[in-house]
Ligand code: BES
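Take a look at this single chain, the form predicted alone, given in structure tokens.
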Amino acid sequence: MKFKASLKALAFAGALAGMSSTASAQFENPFVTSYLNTTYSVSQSAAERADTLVLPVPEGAEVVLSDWSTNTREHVQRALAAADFTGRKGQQATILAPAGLNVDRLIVIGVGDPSDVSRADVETYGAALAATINRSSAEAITVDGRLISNPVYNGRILAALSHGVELRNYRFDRLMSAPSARPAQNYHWRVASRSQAQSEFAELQALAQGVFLARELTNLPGSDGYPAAFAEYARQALEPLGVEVTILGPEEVKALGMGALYGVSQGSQHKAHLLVAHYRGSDQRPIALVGKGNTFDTGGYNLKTDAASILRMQTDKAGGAAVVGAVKALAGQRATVNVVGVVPLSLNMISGEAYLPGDVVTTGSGLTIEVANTDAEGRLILADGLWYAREHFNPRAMADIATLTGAKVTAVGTAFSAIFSEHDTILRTLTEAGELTQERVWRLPLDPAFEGAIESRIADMKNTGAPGASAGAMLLQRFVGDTPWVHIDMAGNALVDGDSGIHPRGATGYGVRMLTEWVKRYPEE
């Protein structure tokens, strides 16, 4: 059974590489693959047919189009007055069988002040629109932006609405024998300026593809998404975009002295790998993104004994998935950045060969770590990933991202990631990126007072300590040298149990949007 599942995972990757665009001839979109059944067109003219008309409405604007009859205007205005619709941000109202219009329904969406509404807010309105459409029989939807007259705001808002629709309509159904039908509508976006809107739509659709890739990788069960399968899936998704992909197998990991990475996976039949994905969109020194790719976490001999917790442990690769997704998004956007993604990949299992509590592993840097707890494996593999990125790429900045500690969830919940850094530029730009994308961050302390927490009697350090989130960051800091660096603890953010905003239930792809934006915001040397 495991063999069949692993072949299925590799087949997913092959399918991913060979998909053609589903965009209409009106808008060349090279980024859409089989993640969605919805199709899109963008133009300055009306669609040939539609059963649903959607109007984004600025606050206080009269809801009327120039080609409407008096009967239509009166019907719409009376219905919206009854619904107390004013165009406030987030309002949505539906009018069925609007008089004088050849559509089944008119949906109006309040966007507030077009010059002030945030991209993240508009994306949630798009997700809400998708949810409304998916509960109806709608097949052909025209989103008419004529009430937003400024072409800059028009393109920006309609693209963000489209992004929200796309993110909500994703489904992970590849393992179902008879999956429910995916949303399969056609959306036509009527914009004020096609040339202005085209770049906005293309950038966000490339970003969505990065999120979808991260969701796919995170959603893969442990027996499907093991280290070699994860790496191959990523390779086939990234290479067509011009990304240089290198995959180091277990013997290469071992030969390079990365004993922490190798040790975590030595108890599994699926040994450690290291995935390196390099997108060279500029001649600058690269920014390095390092993501935890523990493809399933039993806890090792410090076994996870809570059934609900261990059931979610395929998400322990979500940090690595976020890195792969961000590289894909940046490459798809043809961003003028130099970025390298490094994903140490492991599978933390129990066997006669597994590492034990009290063992000492030697990292690629030569520093040794006492394994005080085999369930604190994430910092072990990240230590070697950070060392490799620094040693082989000399990056101008580094960020690592990981589902690292339960202590992070206790400290800041799931509304934020916890971040640890001593570099003001990183803190500023990452906070800005988090606010823009609503993958928000909150700084927790790195302080010499915590050094004693990871002191070991028999090695250079140990892999546990309190406070837990800061202790993990303190260990990782020892592997970055003088490189400006931030540690992002995204524990609790990788999965939602039910539909929520832009996220359908399952893996969220958290981190892709924040990292993509951060890399573009980080200043050049």
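In case it trips you up, residue 1 is the first one in the sequence shown, and so on. Fair warning: this is a prediction, and the values are worked out from it, not measured in the lab.
What comes next is about the form predicted in complex with this ligand, which is not displayed.
*Asks:* Non-hydrogen atoms within 4.5 angstroms of this ligand in the predicted complex: do 304, 405 and 492 all have one?
*Replies:* Looking in the predicted complex, the three residues 304, 405 and 492 all sit within 4.5 Å of this ligand (heavy atoms).
*Asks:* Quick one: of 389, 376, 161, 204, which gets a non-hydrogen atom within 4.5 angstroms of this ligand in the predicted complex?
*Replies:* Residue within 4.5 Å of the partner: 376.
*Asks:* Give me the residue from 436, 337, 453, 313 that has a heavy atom within 4.5 Å of this ligand in the predicted complex.
*Replies:* Only one listed residue qualifies here, and that residue is 313.
*Asks:* Only one of 132-140, 377-385, 152-160, 319-327 has heavy atoms within 4.5 Å of this ligand in the predicted complex; I'd like to know which.
*Replies:* Contact criterion met by 377-385 only.
*Asks:* Examine residue 123 and determine whether its closest non-hydrogen atom to this ligand in the predicted complex is within 4.5 angstroms.
*Replies:* Although this ligand is absent here, residue 123 would stay clear of it in the predicted complex, with no heavy atoms inside 4.5 Å.
*Asks:* Flag residue 464 as yes or no: does it have a non-hydrogen atom within 4.5 angstroms of any non-hydrogen atom of this ligand in the predicted complex?
*Replies:* Flag for residue 464 set to yes.
*Asks:* Using a 4.5 angstroms cut-off on non-hydrogen atoms, would residue 297 count as touching this ligand in the predicted complex?
*Replies:* Residue 297 belongs to the contact set for this ligand.
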